Structures are given as structure tokens and as C-alpha cells.
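For reference, the chain that follows is the form predicted alone, supplied as C-alpha cells.
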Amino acid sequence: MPMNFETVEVTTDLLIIGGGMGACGAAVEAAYWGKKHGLKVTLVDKASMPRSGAVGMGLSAINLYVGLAEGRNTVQDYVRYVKGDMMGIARDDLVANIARHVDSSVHMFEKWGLPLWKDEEGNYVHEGKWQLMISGESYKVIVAEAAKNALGEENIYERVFITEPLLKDGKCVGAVGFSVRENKFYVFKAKATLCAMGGTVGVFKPKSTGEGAGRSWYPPFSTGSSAYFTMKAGAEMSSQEVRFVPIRFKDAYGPVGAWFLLFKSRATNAMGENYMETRADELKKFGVYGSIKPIPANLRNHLGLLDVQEGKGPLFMRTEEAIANLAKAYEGDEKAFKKKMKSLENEAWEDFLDMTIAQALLWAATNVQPEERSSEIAAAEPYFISSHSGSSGAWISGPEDLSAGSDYFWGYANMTTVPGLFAAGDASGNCPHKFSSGTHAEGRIAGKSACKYILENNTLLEVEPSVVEEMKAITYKPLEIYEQYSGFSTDPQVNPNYILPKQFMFRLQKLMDEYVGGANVYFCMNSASLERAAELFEFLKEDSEKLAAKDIYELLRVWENKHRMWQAESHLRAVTFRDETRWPGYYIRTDKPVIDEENWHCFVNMKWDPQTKEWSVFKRPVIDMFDVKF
């Protein structure tokens, strides 16, 4: 090896991988049960917990609060909403389990110091049916502090990138990874492992290029590690065809939820037409899902994109109209009117300053005053997440009281099909719309379940030292490649013997964008484009073995791209297998442009076998556990 890398071994009972909301929820819950039963809980994070994960920059709202105690909504209400928005494809048991526990997570946040907006009567201020307004710039800092206090600093390893799972006798028995700050290789040995490493960004070519490269709606440091880890462990995966394409304020990806829900704004095309009204007949093509309320997010996207493709773009959020309408009630009182206008302007800016500072900077830089003119909105590039409006992730067991006796239960809630491997947040599939609060609640569910598994399977299995040494060599191989060949050319950026991580990422993004329905082709694909993508993907996989890194930082980028590549391949296989278009607005199979309820009202699942190195793709049934009618 070009450098000496110390091997550090850490033995624990439960290993939590990740530092976002799911991992923080798992840490708080597992620490409680660990202390009660004498279990050691260890957490390892790629970043630093206070700003790790999708909530790291802050949020202006908590998007999931059911309000069970207040009688505001029921669990069944939430299952209906989620299943409707996902065009009928969701796991009732997983969604319901989160819904019945999420309120307690929100109450924890408030207890820990998160400022939730209150009205004059002291009640929460609701942005919409499920959302609560917060002053959330420090949301993640507050939640992470509670998790760190629960675990203790001595049980937390930060700035360590996990590369691979450790497997023994068909079980997950830990993980390996490397420090991104020191010459250290970590081997974590555990009786159970909880994967909560976030979703995937950077598989598709982004809208932000050049000086804006790296700007994305979802955090750019979420690079597919959850998907990679669970797939490489041999876990059954689900809904890998489901990507999420958010409509956001253009170029800086500012949130639109507050504008639609709190400010009651409209979105229109460039002609001022409300495409949700002028394109209403298009919804009839999608059966019952086109008539439910709220209209599924992908169908709202679809109608706007049709206008853009017809040359009626760009699309605009009518901010000036929304603010004027809200202030209209005060027009008779000049002082009250000015005060209300000022309040609304402040709320508009705070929405961005809490969670997307770049959008506030862009507004300021381009002289946008929301009370005076509309702002452009646009579809972003696709992302893979199961905590928002996507569903991709591991196929996990449901809770015993809801799932026992069905194909959805195999012993421990949130355990994957690999014994000892649990998943939460973006790592778990088919329970979307949990957002930050639901992800925290799911982390708590998974953390408690993992502790139960350990108490009932209290054996530490260890892999052979030779396996660990081989993994270490593979981890640092890109450094060896660079050291061996970088002098071959006068410019180390251009070399026939290796490919650098940025070049590899651009190549992956170009392939996925052009052939697998990226933003450049209006999210369209067909069997011919998918066949070409599969052909080119084989060349990409071959060249991934020649990825090179000049230092540890670039080694991190190498492994991020390796993880992205597996997410991309699983998506390619899933969209090729699902012979219909179920989520227009996220993607369209132009050769199969309609929804096919008879043949495809099901989950598309897949598995990569660690022994044979072969993929299998197959269907799983959607089981209706609640009397949900649309």
C-alpha cells in the first residue's frame, strides 16, 4: 500500500451506521434499552452528527405530525394519504407503525428545545393537514445533541466512511470502513447492525452545472450507501424503480410546501394558466388515483411538465398573488395592512433561511421580492429516497401486532431479510412520507427491535482475519492504482490506466440521464433506451475497477461513486422489469405509457446474491391491511 493504515477493531452489541434523523432516533432508543439490559451501542457516521443527514441545514416545518391525542387524524387517515400518493403501492403495516409513534418523536423534539410555532391559544400552527411550522435552523443540532448525550461520546465514531458489510453464515455481523481524516481502517464487529445512511443523490445529471455543480435538493453527501450496504449484504430490496422528482424553486431548490399549504399560492405556466385546471382531463387516464385528494405529487408534476413540453414554460409560483390575497383582509386598515404584509414577507424569507439559504441568496442576488413578482419553479433531477415521496429501500419485516401471519413479518420489526441487519429512514423501503419526524420514529422502532434481536440471539460471530485483510486491500486499492500510474502521463487528470472519481461520476450521470429518464429527456425512457443503458453499464462496471484516488479525500469520492453505481444498476433493472407507467411525473415508459392495475399492482423486489453474484427480480403482493378507499 502507498501508506501505512492502522487497523482499528471495535467490538459492540449494536452498531448503528449513519448520523441523520433515523440514526439519531435509533441511538436514543437503543441507548435506553442498552443501559437497561447491559448492551453496548456504537454509532459510526460519515460526517458529524449535528449537521449530518437531510435535515443538516435545517427545516422550516415538520412534515409529519398525526395528532392522535388531539383527535386530529387517525392512523387509517395517514395510510390512506400515503398509499394514495404512491399510486396504491405502499406497505400498510410499516406506514401505520410510523404513524402511531411519530407524535411522540415530535414531543421529544419540543422537550429538547426545538421551537414549534404556537397560536394565541397555545396550539401548534399547522402548515397543512400533517405539517407543523417550526423555527428549525438548528433542528438537527438539537436532535443530534440528544442522541450524543444518550450514547456518550466514547461510543461515537465520526468522519468514518463505511464501505462494506461483514457477513458470516448468512448473517450481518458488522461493517468495515476508513477514516476520512486519519490513516485508519475500522473493523466494527457487532451482534446486530442498523443501517441508516440516507438516500442517493448524484445518480442522474443534475440541473445545477458549472459553478453550481453539487447544488441539489437532497444533500449531495447522500451517495447511496444505504442501498449499497443492504444489497451487498444480500438483502431483498424493494421499489428500486421508484425515484422522486421534486418541483422546487428553480436553481437553488428552495421548498415550495409553505407556499402551497401556508400561503395558499397557485402554480401557473408562463401564460398564467393553472395547469392543474387546464390539464384536469389528463388525470382521468390514471383511474382512481387521478381523482383522489390531494392529487398524487407525481401527477401534479406530470401536468406541469406537459405544459413545459408544449412550450408554455417556464412555470411560476405566484408569490405576489398569494401574499396579496392573505393581506386583503386588512386593506381597510392601513397600519394593520402594512404590518400583515411585513409579517408575510418575513415568513417567506424565513422559510428559506431555515432550510435552504442558497434560495434566499439567489432571490437577493436577482432582486426578487416575493410580494412584487412571481418566482420560477422547475422539476429537479431524480433522487432515491424513501423518507419523502419515494419508496426505494430494503424489504423489511413489519411489527408483530400488525404483520404477523402475513408475508410481511419474519420475527423483528425493521429487520431486513438478512438476519441481524436492520434498516430505517431512507434505508427501508415502501414506507414513504415519514419525513424527518417519521424517520426519527422509525429509527426508534428499529433500535428497540435490534436490541430485542440481540437479547434473543446473543452470539458474536466473527469473520476470518484473511477476509478483513482482503477488504482492507480492496478499500485502499484506488490509492495504489494512482501511485502506480500517475506518472505515466504529463497530466495526471488524463491517464489511460485509471479513471478519477469526478470523471466516473459524470459518465454515470450522462448514461442515466440520457437513457434511463433523466431531466434532459423529460424523465422518459423505453425498452430500447434501457437496453442501451444496460449495455453501456457493463463497460462502466468494468472501469469502476480502475477508479483511482490521489489522497484519502479522493478515496472517499471513489467509494461514493461505487455506492451510487449499485443504486443506479438496481434502478435500471427495476424500471426495465416493471412493464407500465405508474408514476408519470417521476418517469414515463413511453412504450408502456399507461398504468396497468391488473398486472402491476404489486411491489417490484430484487436481490443480489453474495454467493453467486447474480441478480434476481420478482414481484411481491400489496396486502391491504386497512379498509382504505380512495
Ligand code: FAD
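Model, not experiment: these values are computed from the prediction. Just count from 1 along the sequence shown to find any residue number.
Not pictured, yet referred to below: the form predicted in complex with the ligand.
*Asks:* Using a 4.5 Å cut on heavy atoms, which of Phe537, Trp117, Phe221, Phe260 is close to the ligand in the model of the complex?
*Replies:* Selected option: Phe221.
*Asks:* To verify the annotation, which of these, Ala47, Leu68, Ile595, Cys602, has a non-hydrogen atom within 4.5 Å of the ligand in the model of the complex?
*Replies:* The option sitting close enough to the partner is Ala47.
*Asks:* Heavy atoms within 4.5 Å of the ligand in the model of the complex: which stretch in 468 to 476, 503 to 511, 157 to 165, 81 to 89 meets that?
*Replies:* Stretch with heavy atoms near the partner: 157 to 165.
*Asks:* With heavy atoms only and a cut-off of 4.5 Å, decide whether Ile17 touches the ligand in the model of the complex.
*Replies:* Result yes; Ile17 sits at the interface with the ligand in the model of the complex.
*Asks:* Since only the chain is shown here, I'm wondering whether Ser225 would be in contact with the ligand in the model of the complex (any heavy atom pair within 4.5 Å).
*Replies:* Heavy-atom contact with the ligand at 4.5 Å: present for Ser225.
*Asks:* Should Met197 be counted as a contact of the ligand in the model of the complex, where contact means heavy atoms within 4.5 Å?
*Replies:* Yes.
*Asks:* In the model of the complex, does Asn561 come within 4.5 Å of the ligand, counting heavy atoms only?
*Replies:* No, no contact at 4.5 Å.
*Asks:* Using a 4.5 Å cut-off on any heavy atom, which residues of 34 to 63 would contact the ligand in the model of the complex?
*Replies:* Counting only heavy atoms within 4.5 Å of the ligand in the model of the complex, the contacting residues of 34 to 63 are Val44, Asp45, Lys46, Ala47, Ser52, Gly53, Ala54, Val55, Leu59, Ala61, Ile62, Asn63.
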